[in-house]
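To begin, one chain is listed below as structure tokens, in the form predicted alone.
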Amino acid sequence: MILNIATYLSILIFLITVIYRFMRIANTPAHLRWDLYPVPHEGFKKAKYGGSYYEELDWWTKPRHVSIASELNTMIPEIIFLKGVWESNKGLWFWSWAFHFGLYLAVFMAALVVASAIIGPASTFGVVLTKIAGISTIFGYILGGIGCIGMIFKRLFNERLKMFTTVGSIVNLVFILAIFVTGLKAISEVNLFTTDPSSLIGQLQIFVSGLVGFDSSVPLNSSVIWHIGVTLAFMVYMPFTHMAHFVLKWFTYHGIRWNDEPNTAGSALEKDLTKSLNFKPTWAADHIKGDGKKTWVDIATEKGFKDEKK
């Protein structure tokens, strides 16, 4: 009963917090765009050399084409293989990739467990999903555990990373490592690849079935309970930390790095920018002279700041 209630609450807190953070960011004023090319959604041809729709004659009179395929061609290698880390810090790449890919496989396993529990673990399709879930679990937990340990050592002993490492960063990694460790411990105590209810995947399927059917009487192995408990605690904890950057990445790429939306009359962007121009900044920088009374329009149209020598 307690574990079931904790699961319902954990999922609810996780969803509410993530949705809240997403909506809060989505409703902030327009960010300062990079406007750096190439922009992937321009299409394979233009993205190859850094082209833009701005180079077209009378571009504002023509329909704008956005290539989702070209954008995915850039996103997928970054998400799966962490291409940016490989290009900027090869010494960190393996540990970071193992850490992230281990998490991907763990989430994939959870999705398969839920799906197989709903359609029936004993069905033909359910058996296939169970086998795949078992493979994802063992590879994901081992790979993720190795990545966590490597990232912890890198953050503690690498001179380039030490200056950016906080106690919270280490706590986050240790927390995730605890998920992988308790999962591996559960694997070592119960079978993994069989569809038997005593296997790890079978135990998780029984647990999910109990959640869906509001049945708290299902028997679970103690090691599986520990694994579920640590995972639920992490679900509640994670959205309140910088690990929620998976929400921010969408805005970082699509709202800042790749945003080249034209500011046309009557558009939502024009309304957003007009609203921002009426803000009254209080920046302390001398060249801004933000006293909290002048708007950005006032500041942008007044005479420039002169550096008077004293």
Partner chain sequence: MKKNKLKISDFSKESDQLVHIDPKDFIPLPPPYDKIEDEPIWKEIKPEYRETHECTLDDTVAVGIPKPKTPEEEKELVDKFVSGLRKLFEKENNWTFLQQLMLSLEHCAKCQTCVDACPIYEASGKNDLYRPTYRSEIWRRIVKKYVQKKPFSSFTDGDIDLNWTTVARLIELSYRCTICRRCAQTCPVGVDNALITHELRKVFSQEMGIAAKEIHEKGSVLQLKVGSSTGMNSEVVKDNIDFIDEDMTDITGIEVKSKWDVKGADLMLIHNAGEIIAWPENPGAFAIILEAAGINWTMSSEAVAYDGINYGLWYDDVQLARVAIKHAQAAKKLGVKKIVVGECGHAHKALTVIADRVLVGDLNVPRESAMTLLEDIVFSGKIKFDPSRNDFPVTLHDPCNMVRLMGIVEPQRRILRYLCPQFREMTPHGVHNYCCGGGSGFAIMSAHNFTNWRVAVSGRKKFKQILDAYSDCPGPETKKYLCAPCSNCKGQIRDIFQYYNAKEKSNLIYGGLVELIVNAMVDVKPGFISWEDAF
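Everything quoted here is computed from the prediction, not taken from an experiment. Under this definition, the rigid core comprises the largest set of C-alpha atoms superposing within 1.5 Å between the forms. Positions refer to the first chain, counted from 1.
Only in words, not in the display: the form predicted together with its partner chain, which the text now covers.
Check: its partner chain isn't shown here, but in the predicted complex which of Ser188, Thr124, Ser88, Ser222 has a heavy atom within 4.5 Å of it?
Finding: Contact with its partner chain in the predicted complex is made by Ser88 alone.
- request: Considering its partner chain in the predicted complex, find the one stretch among 141 to 149, 209 to 217, 223 to 231, 165 to 173 with heavy atoms no farther than 4.5 Å from it.
  value: After filtering at 4.5 Å, what remains is 165 to 173.
- Task: Although its partner chain is absent from this view, report whether Gly43 comes within 4.5 Å of it in the predicted complex, heavy atoms only.
- Result: Output for Gly43 is no: heavy atoms all beyond 4.5 Å of its partner chain.
Any of the heavy atoms of Val66 lying within 4.5 Å of its partner chain in the predicted complex? No, no contact at 4.5 Å.
Touches its partner chain in the predicted complex: Leu92 (any heavy atom, 4.5 Å)
Heavy-atom contact with its partner chain at 4.5 Å: present for Leu92.
- Ala268, heavy atom within 4.5 angstroms of its partner chain in the predicted complex: Outside the cut-off, so no.
With its partner chain taken in the predicted complex, which residues across 14 to 47 come within 4.5 angstroms through any non-hydrogen atom?
Read in sequence order, the residues that approach its partner chain (within 4.5 Å, in the predicted complex) are Arg21, Arg24, Ile25, Thr28, Pro29, Ala30, His31, Leu32, Arg33, Trp34, Asp35, Leu36, Tyr37, Pro38.
*Core-aligned, does Thr17 move its Cα 2 Å or more between the shown form and the other one?*
Thr17 C-alpha, core-superposed: shift of less than 2 Å.
Check: With both forms fit on the core, has Ala244 moved 2 Å or more by CA between the shown form and the other one?
Finding: No, Ala244 moves less than 2 Å.
Problem set entry | Threshold 2 Å Cα movement between the shown form and the other one at Glu261, rigid core reference | No; Glu261 is a residue whose C-alpha shifts by less than 2 Å between the shown form and the other one when the cores are overlaid.
- prompt: Ala244 to Leu36, Cα distance in the predicted complex relative to here: closer or farther, by 3 Å or more?
  reply: Closer in the predicted complex, by 3 Å or more.
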